[in-house]
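The chain below stands alone, shown as structure tokens; this is the form predicted on its own.
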């Protein structure tokens, strides 16, 4: 890497022919491992980790006069700070990649290799495991410099939906996006110089956090290490072969300059890791399960941890933004604020606590205020509302219960009008329409004896249900759509 070299002694010690064996050993490494300066052409994740955070260099066009290597140095600082934040959650890994876009160092190319769509990864993400991909750019606008971060989160081979039972009805919802551009933030040349200086200082290992006799880290390969302990801003690390051990400074913090003050997105990255770990806890049989999570990381505890990090992100997200007054004026900016709210709502729907669905209703509603154009936002709020109210105290056949299902069905029809081919919306629209039809018939029957009569309301719901089922059938592979 230009400016600061983060290289492991592994390649030097065993020679080129043994590098592949080292990567295989690293892939199965214990929990809480990290590696820096991995070539984008041969990307890598820790297969023993339940969630990996992979940080690409922050690109800067040639016409932007920034210190040499600052994009990769910024990625180093981000990777370190993220690792310190997530290490407490258990089986996690962080990877910093190095390279240029023309060398395949793009999020699309890296992700395709990590999930097995393209060859070239030294170690692929295992099925069901989580990944948070972070990248960004430095650019100029009106003679000012700006930093913009991008984030993508996923589980390999798993559709990011939540299924919620409401009585006998199962409803499905999903977030409006799994990738978005964060708000551009003003940054000064002095900030970029501080990145360079901070990265240089972090190329040192100390015998203890208060030691005054640092040693330089190796500079001839991808430097990989396990995290043994954390203490404040420091991590106690051991290089994978045990040759290097000591303490490294993990955050770019000082009295006057902190990375998280410049990049509130780091709070969201931590929250996305927590979200993915929580989803792995409730994964169905046959999908990778989270193992050896921190003792207090049950679903409700993880939901609270996600609340903390997402709230920190929400409170700071517009600081230094290109346009703080109109920070949510664009769809991408709205996603950057709305999707974290949706993840909070989804975790609340999954956590086994009676009061949590009410919080899901609140957060999905706030997300919908910002994402009113999103079918998924409308659908998630419908699901959260029904989960909060349930079937209510009313008995089967209650007119109020029937009215509740009809209201939900109308909202789902509005969601479908925003995105007519959305499979999650179609699935939940069918479920709410069928439930509204049953509840309406039951309410009519409660008024009399014998089978419920055909009414305009039930005929219309029945017609809509048939149409929705035809739409879903056409949308299936080979369904003629």
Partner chain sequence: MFLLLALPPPDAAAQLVRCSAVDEPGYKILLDDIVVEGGTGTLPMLETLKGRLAQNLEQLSVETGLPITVYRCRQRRPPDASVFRRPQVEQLYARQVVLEIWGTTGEVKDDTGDTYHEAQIGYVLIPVRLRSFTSGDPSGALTVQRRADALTIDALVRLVDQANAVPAYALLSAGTRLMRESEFEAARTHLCRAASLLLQGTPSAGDKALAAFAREEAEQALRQLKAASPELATLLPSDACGGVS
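Numbering follows the first chain given and starts at 1. Whichever C-alpha set is largest while still superposing within 1.5 Å between the two forms counts as the rigid core. Fair warning: this is a prediction, and the values are worked out from it, not measured in the lab.
There is another form of this protein, the form predicted in complex with its partner chain, and it is not shown here; the text below is about that form.
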Worksheet item: Exactly one of 399, 128, 209, 107 has a non-hydrogen atom within 4.5 Å of its partner chain in the predicted complex; which residue is it?
Response: 107
Worksheet, complete the sentence: With the partner omitted here, the residue among 230, 389, 163, 148 that in the predicted complex has a heavy atom within 4.5 Å of its partner chain is 148
Worksheet item: Is residue 473 close enough to its partner chain in the predicted complex to count, meaning some heavy atom within 4.5 Å?
Response: no
Worksheet entry | Residue contact check: residue 203 to its partner chain in the predicted complex, 4.5 Å heavy atom | no
Worksheet entry | 4.5 Å heavy atom contact, residue 335 and its partner chain in the predicted complex | yes
Fill in: Non-hydrogen atom contact residue 144 with its partner chain in the predicted complex at 4.5 angstroms
yes
Worksheet item: Do heavy atoms from each of 64, 139 and 372 fall within 4.5 Å of its partner chain in the predicted complex?
Response: yes
Practice prompt. Report the stretch among 265-273, 243-251, 115-123, 175-183 that approaches its partner chain in the predicted complex to within 4.5 Å, counting heavy atoms only.
Written response: 175-183
Item to complete: Would you mind checking 398-424 for residues with a heavy atom within 4.5 Å of its partner chain in the predicted complex?
Response: 413, 414, 416, 417, 418, 419, 420, 421
Worksheet item: So, does residue 434 move by 2 Å or more at the CA between the shown form and the other one, with the core held fixed?
Response: no
Discussion item. Using a rigid core superposition, assess whether residue 41 undergoes a CA shift of 2 Å or more between the shown form and the other one.
Written reply: no
Worksheet item: So the Cα-Cα distance between residue 143 and residue 78 shifts by 3 Å or more in the predicted complex; is it shorter or longer than what we see here?
Response: closer
